[in-house]
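One chain follows as structure tokens, the form predicted alone.
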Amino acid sequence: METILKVKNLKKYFGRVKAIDGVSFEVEKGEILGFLGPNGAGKTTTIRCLLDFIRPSNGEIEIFGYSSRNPDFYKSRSKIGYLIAGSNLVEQWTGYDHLSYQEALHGESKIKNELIKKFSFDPKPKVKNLSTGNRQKLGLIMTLMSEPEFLVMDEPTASLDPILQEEFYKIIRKLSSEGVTVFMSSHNLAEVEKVCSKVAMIKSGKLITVQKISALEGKKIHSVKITFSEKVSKDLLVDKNTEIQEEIPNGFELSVKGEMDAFIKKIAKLKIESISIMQANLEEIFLEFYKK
């Protein structure tokens, strides 16, 4: 598999503030990587380094074989489409003006009108009269219309209604199937679970984990709600893999890591009144990583 993006020990310091502190990961052709983290984690700084808007303090970024350490790094930009928070739009220009400008830079777009239709965007009004959602639509159309090989997007579905979010997911999945590589930051864990093939989690400038979504889904964390017909001490239940989340009447809500066999054997001798077991979703797994 061809590797499109390589990030090696990336660091970006602003004085004493370590915005990014030794981040390393790779993204292969056709992958959709979800870049997760809370505000201030280093997501936007990482994206600005990828796009060469700011220079790293240390480390290396390689995109399409071009290294950030070499003068020809700018050549990778011709294959990249990007959407960043607070994209500069010209208030006095219409949507048509912006799209025409993109075509002047990248050539006539074969899919411009199709994107306008898919995002239900009216390109006639001036930007100063557009809502936040319509500004986001314009930014997405400008990003996608030149059919780049690598997409870098910061919170791409922000301000979009749920129907248009689903339309965006369809577009991204189709592009991925055609070999387009996608790097997208998001706060929306349901979104990442739905559309991404891989996830990278960052906190306080450090990478917590990079894993395939399928591998995360395989992490064994179960939520268990159990009640007993007689009083049971929580000491009989708690161990290194079992944690009490809440005490409820006649029982407990538990978080159980790993395979359930050991837990089931442990409670088999107890007088159980009711029990429900649910596997954790990506959000619960994500929070478990953050606790570490």
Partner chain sequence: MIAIIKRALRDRFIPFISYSIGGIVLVWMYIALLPSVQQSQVQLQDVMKAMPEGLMKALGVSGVNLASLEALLAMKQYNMIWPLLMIFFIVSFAGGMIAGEVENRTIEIVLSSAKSRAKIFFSKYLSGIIYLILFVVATTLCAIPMAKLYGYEYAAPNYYTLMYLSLCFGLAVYGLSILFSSLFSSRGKVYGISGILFVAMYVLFILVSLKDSLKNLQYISFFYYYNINDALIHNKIDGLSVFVFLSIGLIASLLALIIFLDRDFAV
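All values derive from a computational prediction rather than experimental measurement. Residue numbers count along the first chain shown, from 1.
One more form of this protein, predicted in complex with its partner chain, exists but is not displayed; see below.
**Q** Consider the chain as shown here, without its partner, and state which of 155, 147, 97, 191 has a heavy atom within 4.5 Å of its partner chain in the predicted bound form.
**A** Contact with its partner chain in the predicted bound form is made by 97 alone.
**Q** Which one, 120, 131, 78, 177, lies within 4.5 Å of its partner chain in the predicted bound form by heavy atoms?
**A** Looking at 120, 131, 78, 177 one by one, just 78 meets the 4.5 Å heavy-atom criterion.
**Q** Taking 51, 84 and 104 as a possible spot, do all three reach its partner chain in the predicted bound form with a heavy atom inside 4.5 Å?
**A** Judged in the predicted bound form, 51, 84 and 104 all sit within 4.5 Å of its partner chain.
**Q** At the 4.5 Å heavy atom threshold, is residue 163 in contact with its partner chain in the predicted bound form?
**A** Answer no; every heavy atom of residue 163 is more than 4.5 Å from its partner chain in the predicted bound form.
**Q** Residue-level question: is residue 89 within 4.5 Å of its partner chain in the predicted bound form, judged on heavy atoms?
**A** Judged by the heavy-atom cut-off of 4.5 Å, residue 89 is in contact with its partner chain in the predicted bound form.
**Q** Just checking whether residue 93 would be counted as a contact of its partner chain in the predicted bound form - the rule being heavy atoms within 4.5 angstroms.
**A** Although its partner chain is absent here, residue 93 would touch it in the predicted bound form, with heavy atoms inside 4.5 Å.
**Q** Quick one: does residue 55 come within 4.5 Å of its partner chain in the predicted bound form, counting heavy atoms only?
**A** The answer is yes: residue 55 has a heavy atom within 4.5 Å of its partner chain.
**Q** Looking at 261-269, 29-37, 221-229, 43-51, which lies within 4.5 angstroms of its partner chain in the predicted bound form, counting heavy atoms?
**A** That would be stretch 43-51.
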